[in-house]
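Read the single chain below, which is given as structure tokens and is the form predicted alone.
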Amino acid sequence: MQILPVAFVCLFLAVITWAQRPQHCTSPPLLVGSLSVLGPKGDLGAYGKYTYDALGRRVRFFEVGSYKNQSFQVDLLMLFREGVLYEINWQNHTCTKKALKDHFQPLEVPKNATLLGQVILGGSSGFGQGLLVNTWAGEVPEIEAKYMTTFTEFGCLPVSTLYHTEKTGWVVLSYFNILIGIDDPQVFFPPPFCQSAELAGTTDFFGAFF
């Protein structure tokens, strides 16, 4: 007579254990926030803001930084659905247009990523003193890339990503000041002086920052 209750308790505990295990997830489709990029050997350092639209497969970056001791300021509009990147120069009212060879990669924990662990950033002694995050690692065999990425347990918001290819070396991206939603959809439309720009070469996501 006690077999059924025992079996039920075991099943219940199994469900609770599975529910507590970090799951692969996808970030909200519309985000605005800040981003920092640090390249290998300190050659690249940049800080700026981004607007992210996974529904339309487009991203806008406003960045300032330095590359090999040379300061730069860049405004990038990436339209992955059209396969086009615009580099916008507001000072000269010029626009460089390049073909994007990358496919759109949503902010998510890839399905083939392996969980490295779950930790609390900050303190755990009181409510609100820390942030529960999950760190994952994996590879992208098609381009021989490796990555390690961290997302919040609640909300699936990106915290940081370490990304490596033979071309770029280790690149560190850190995300902060994230807000859900888009306050200005007009950022995804190139300015009028970009209309006459013709394709001039090809680039990929990380190549646009180097």
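Sequential numbering from 1, following the sequence displayed. Each form is matched to the other, and the largest set of C-alpha atoms that superpose within 1.5 Å is called the rigid core. The structure presented is a predicted model; accordingly, all values stated were derived computationally and were not measured.
Another form, the form predicted together with another copy of the chain, is not on view; read the next lines as being about it.
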Selected contact from G56, G155, P29, P185, since only one has a non-hydrogen atom within 4.5 angstroms of another copy of the chain in the predicted bound form: G155
Should G122 be counted as a contact of another copy of the chain in the predicted bound form, where contact means heavy atoms within 4.5 Å? yes
Contact of N69 with another copy of the chain in the predicted bound form (heavy atom, 4.5 Å): no
May I ask you to state whether G65 is within 4.5 Å of another copy of the chain in the predicted bound form, using heavy atom distances? no
I178 versus another copy of the chain, in the predicted bound form: is there a non-hydrogen atom within 4.5 Å? yes
Please state whether M148 has a C-alpha shift of 2 Å or more between the shown form and the other one, with the rigid core used for the fit. yes
